[in-house]
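Let's start with one chain on its own, the form predicted alone, as structure tokens.
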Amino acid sequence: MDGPGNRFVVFLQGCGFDCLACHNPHTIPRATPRARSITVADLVEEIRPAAPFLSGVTVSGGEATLQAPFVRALFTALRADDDLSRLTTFVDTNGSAPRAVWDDLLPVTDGVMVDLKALDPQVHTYLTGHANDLVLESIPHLARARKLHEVRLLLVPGVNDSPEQLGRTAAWLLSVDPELRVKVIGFRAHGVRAAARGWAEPTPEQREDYRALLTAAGVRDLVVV
């Protein structure tokens, strides 16, 4: 879920979205007593002992791009370190970042994993509290830069999983890149906030329906979890 291989994952505090289905709602506020401050140099030294067992480092959140200067500084430090430079650097993101942020990060980033909560703007606003304009700009921009590792679809039965919505989403993603890797993540209620605890989780049969529909639509690199 955090990228290819064994990875050291850094969760940053703060997110611009307010997703009803968030599994880490304590990371949404910009500040919380549960978070701690750390310098790039200290974080590099935390990564170092684990490095022999790692494939790379992933920065997640919250939303990693809200602290883009820190992410860039961390990835730059890793690449400059003789013992750590082999580690790949990935960003796990909601995609709602301006192009200037991506252009600052991409020279030191190996891959980006983007959540697309919904292609439909109204559904996206319902799920996240925010529009998806920047998300829909980020995905093709990252693909053109050859840094888009995968797009993730969190599917909630009865909310964003209709055949019509999935068909349009698949068509749009394939127009970005016919070889795009798509990961379908079925909604799980465990750990979410009260507003989403009553939502249904997709059954095994529904997950297979997602797989069949997206495959029929032309998605060749597909994972369903």
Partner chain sequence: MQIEELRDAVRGVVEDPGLTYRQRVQRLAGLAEEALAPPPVSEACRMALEKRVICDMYEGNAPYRPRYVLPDYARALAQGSAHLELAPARTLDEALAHLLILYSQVPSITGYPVYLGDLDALLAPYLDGVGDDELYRRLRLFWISLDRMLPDAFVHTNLGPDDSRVGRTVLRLERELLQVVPNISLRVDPERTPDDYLLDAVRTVFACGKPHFVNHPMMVGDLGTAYAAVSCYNSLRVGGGSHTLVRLNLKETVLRHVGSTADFLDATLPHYVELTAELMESRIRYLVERAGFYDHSWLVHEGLVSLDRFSAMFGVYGLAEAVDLLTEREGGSARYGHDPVANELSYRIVERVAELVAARPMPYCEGNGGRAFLHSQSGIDSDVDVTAGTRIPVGTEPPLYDHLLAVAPHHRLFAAGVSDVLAFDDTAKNNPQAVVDVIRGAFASGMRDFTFNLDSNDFIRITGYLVRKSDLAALPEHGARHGSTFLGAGSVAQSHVDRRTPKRVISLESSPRPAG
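Numbering follows the first chain given and starts at 1. Here the structure is a predicted model, which is why all the values come from computation and not from measurement.
Quick note: we don't show the form predicted in complex with its partner chain, though the next part is all about it.
The partner is not drawn, yet in the model of the complex one stretch among 195-203, 58-66, 168-176, 37-45 has residues with heavy atoms inside 4.5 Å of its partner chain: 58-66. Within 4.5 Å of any heavy atom of its partner chain in the model of the complex lies no heavy atom of Asp110. In the model of the complex, none of the heavy atoms of Ala189 sits within 4.5 Å of a heavy atom of its partner chain. Its partner chain is not drawn, but in the model of the complex it has a heavy atom within 4.5 Å of Pro52. Heavy atoms of Gly218 never reach within 4.5 Å of its partner chain in the model of the complex, leaving it off the interface. With the partner removed from view, the residue among Leu154, Val101, Ala143, Leu74 that has a non-hydrogen atom within 4.5 Å of its partner chain in the model of the complex turns out to be Leu154. Residues Asp92, Asp115, Lys117 of 91-120 are found to place at least one heavy atom within 4.5 Å of its partner chain in the model of the complex.
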